[in-house]
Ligand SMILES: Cc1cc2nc3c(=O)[nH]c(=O)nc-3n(C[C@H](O)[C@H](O)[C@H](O)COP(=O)(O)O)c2cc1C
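What follows is a single chain, given as C-alpha cells, in the form predicted on its own.
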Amino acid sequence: MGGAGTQGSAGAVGFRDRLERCDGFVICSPEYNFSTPGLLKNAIDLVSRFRPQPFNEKMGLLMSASPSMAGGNRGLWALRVPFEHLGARVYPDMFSLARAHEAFAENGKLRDEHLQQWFEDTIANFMDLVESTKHYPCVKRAWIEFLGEQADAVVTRVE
C-alpha cells in the first residue's frame, strides 16, 4: 500500500473501490502481539483518508483463527476500535477459532460440530443483517440508536 503519504496508491484506491461497491465486509485477521497486524492497520489508515469515508455505515464482521487458546480474539477487539471510529457498524458477535492448526477435519469443516454450527450461524446472521440494512433503512436507524448515538448529522463521528 505504500507509506503514510500515499493516499492515492493503487492498493488504497482498490480497497476503497471495493468498499464502495459492497454492502458489508468481512475481515479475517491474525493477532500480532495482542493487537492488529501493522499491514492491516496501515491499509485501514490509508483508506480512512478518502472522502466520503468508505467505512461509514458499512456493516463489518471480524473473524480470526490462531493456534493459541484465544484464537486471535484479543486482536479482533483492537480491530473494532478503528472501524467503529470510522463509522462502520461492526457485528457484535466475532468468530475466533482457537487451536486452528488442529481444528479442521479432512473435509475442510471444523471437527467440533458445535463450532462449525456457530461459524455457519455467525455468517448467516451477519448476511441477514447486511441484507436487512440494505432493504429496510429503519434497521440501520435502530442500530445507530442502539449504539447510543443520535441519528443526526451534527453528532456524526465521520466527515
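Residue indices: 1-based, along the sequence shown. Predicted, not measured: the structure shown is a model, and the values here were computed from it.
Note that the form predicted in complex with the ligand isn't included here; everything after this is about it.
Site annotation in the predicted bound form: the residue of 53, 132, 68, 116 reaching within 4.5 Å of the ligand with a heavy atom is 68. With the partner left out here, the ligand still marks one of 25 to 33, 120 to 128, 55 to 63, 107 to 115 in the predicted bound form; by a 4.5 Å heavy atom cut-off that stretch is 25 to 33. Among residues of the shown chain, residue 74 is one whose heavy atoms approach the ligand to within 4.5 Å in the predicted bound form. Along 41 to 62, no residue reaches a heavy atom to within 4.5 Å of the ligand in the predicted bound form.
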